[in-house]
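Okay, so here's just one chain, in structure tokens, the form predicted on its own.
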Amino acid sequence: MITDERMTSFLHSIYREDDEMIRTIEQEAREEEVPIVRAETKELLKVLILNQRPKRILEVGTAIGFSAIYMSQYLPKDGLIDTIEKYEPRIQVAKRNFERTGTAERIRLLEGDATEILKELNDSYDMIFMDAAKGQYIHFLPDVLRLLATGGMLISDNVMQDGDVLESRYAVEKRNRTIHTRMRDYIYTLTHHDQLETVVLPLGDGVALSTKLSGTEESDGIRQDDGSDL
């Protein structure tokens, strides 16, 4: 938790209640310990979609389809979502959830490793939601930027890693140091990339909002991982 627990609880208490099916899928995810977006991040997604009115959304990291289903409620009538997942058991649950919510026609599930699928895509997306393996964000970014339309928004979830990203790499568990370094490099890249304007919000587990600018040079802008702290 990177924000005050009492404040977070208060905000949760005043959010408008979702419909029954959304609540059911959310509860099932909690019971099965499947990671899904936090309540405050979910509310942010809703407001951003209603404000931006994206017709095409790409989600990297489907899990059981909760976020895609939730976002689909607020799309324009002709809006579509592509979502990527490689873990077979979750793919099957996501497919069932799309069918039970009547969203299968608006959500296309792309099965396989995001690294490979992203390279094969050539569509243009108005919004991209990054919510997959945190250590891979930095590797996904070049293709994500290629696919993001000018003026489009990249939303990166869980960029604070429960506050670990603030610490020195030597203060986090050894097994988490690679992810720690890559996430810090990712945040640095987002905030210094010549194609992006980015704000990082201490909301949920940290959310980065990046808008792709027009009239910029095409470059990957990726900071090299030299293992050092920022």
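Residue positions are given as counts along the sequence shown, with the first one as 1. The structure displayed is predicted, hence computed values, not measured ones.
What follows is about the form predicted in complex with a small molecule, which we do not show.
Problem - 4.5 angstroms heavy atom contact with the small molecule in the predicted complex for F129 - result: So F129 counts as contacting the small molecule.
Problem - Touches the small molecule in the predicted complex: G112 (any heavy atom, 4.5 Å) - result: Yes, G112 sits close enough to the small molecule in the predicted complex that at least one of its heavy atoms falls within 4.5 Å.
Exercise for the section: Using the partner position in the predicted complex, report whether K86 sits within 4.5 Å of the small molecule, counting heavy atoms only. Expected result: Contact check for K86: yes, within 4.5 Å of the small molecule in the predicted complex.
Exercise for the section: Evaluate I49 for contact with the small molecule in the predicted complex, applying a 4.5 angstroms cut-off between non-hydrogen atoms, and reply yes or no. Expected result: Contact check for I49: no, nothing within 4.5 Å of the small molecule in the predicted complex.
Handout entry: Candidate stretches 32-40, 201-209, 50-58, 187-195, one within 4.5 Å of the small molecule in the predicted complex by heavy atom
Key = The contacting stretch is 32-40.
Practice task
Kindly indicate whether S124, H139 and S156 are, all three, within 4.5 angstroms of the small molecule in the predicted complex, using heavy atoms.
Solution key: Answer is no for this spot.
Practice task
Sort through R146, R90, R108, R96 and report the residue having a heavy atom within 4.5 Å of the small molecule in the predicted complex.
Solution key: Comparing distances to the small molecule in the predicted complex, the residue within 4.5 Å is R90.
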